[in-house]
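Only one chain is included here, represented as structure tokens and corresponding to the form predicted alone.
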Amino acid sequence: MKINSILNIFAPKESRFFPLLEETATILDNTATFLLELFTTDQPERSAELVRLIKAEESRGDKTTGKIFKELNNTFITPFDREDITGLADVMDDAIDSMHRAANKVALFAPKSLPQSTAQMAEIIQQAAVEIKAAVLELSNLQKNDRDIRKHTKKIKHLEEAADTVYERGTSQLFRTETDAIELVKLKEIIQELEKSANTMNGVGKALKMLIIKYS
């Protein structure tokens, strides 16, 4: 029997880590929902409010990640190896940070208009966030829910691949149609940050898949 399996026998039935990971996943989902609205609204005042809301979620995410690390320092027996909990918390925090950067660039650059590809990528990111939240909510009973979690990770991977396609087409169209050099630079930066956000979502999916491999 593996050492980790032996430890799990004596571990408490309810871990304090699962609510914190679930809270982070909820913050990630909220951020992605606000991000999608940011890239689809045509109301400047609402756009400014959405940027503030995303910033607030990013701050909440940092605090929750800090709580997770604090609990790791104060807990002897953990439901998963410490590096696995740290890795999942870190990559979810990275995803939230990347969405925050994308929103900040919209606010900072104030582009005249946003290409359709940005809304498409934001929608893909939001769909990935939904899958991540669903998977994290099932972690507390991983052995029972491993098949469902695996389905979520596959969906996240497919969404990342779709984001790559949208990114490539959107960037190509941007260079073909945008004649204002300053606007071109602005939009290129925004699209690139959205592509990074999609990649970090896939990074969360990989971390979840690793948990399935190790503990199911």
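Predicted model, so just to flag it, every value in this text is computed and none were measured. Counting begins at 1, following the sequence as shown.
We do not show the form predicted together with another copy of the chain, though everything after this point is about it.
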Residues K105, I182 and E189 all lining another copy of the chain in the predicted bound form, heavy atom within 4.5 Å: yes
Option touching another copy of the chain, based on a heavy atom within 4.5 Å in the predicted bound form, out of D148, D42, E45, E168: E168
Checked N73, S113, Q116, N141 for heavy atoms within 4.5 Å of another copy of the chain in the predicted bound form; positive is N73
Using a 4.5 Å heavy atom cut-off, state whether E49 contacts another copy of the chain in the predicted bound form. no
Would K55 count as a contact of another copy of the chain in the predicted bound form, using a 4.5 angstroms cut-off between non-hydrogen atoms? yes
Restricting to 193-216, the residues within 4.5 Å of another copy of the chain in the predicted bound form through any heavy atom are M210, I213, K214, S216
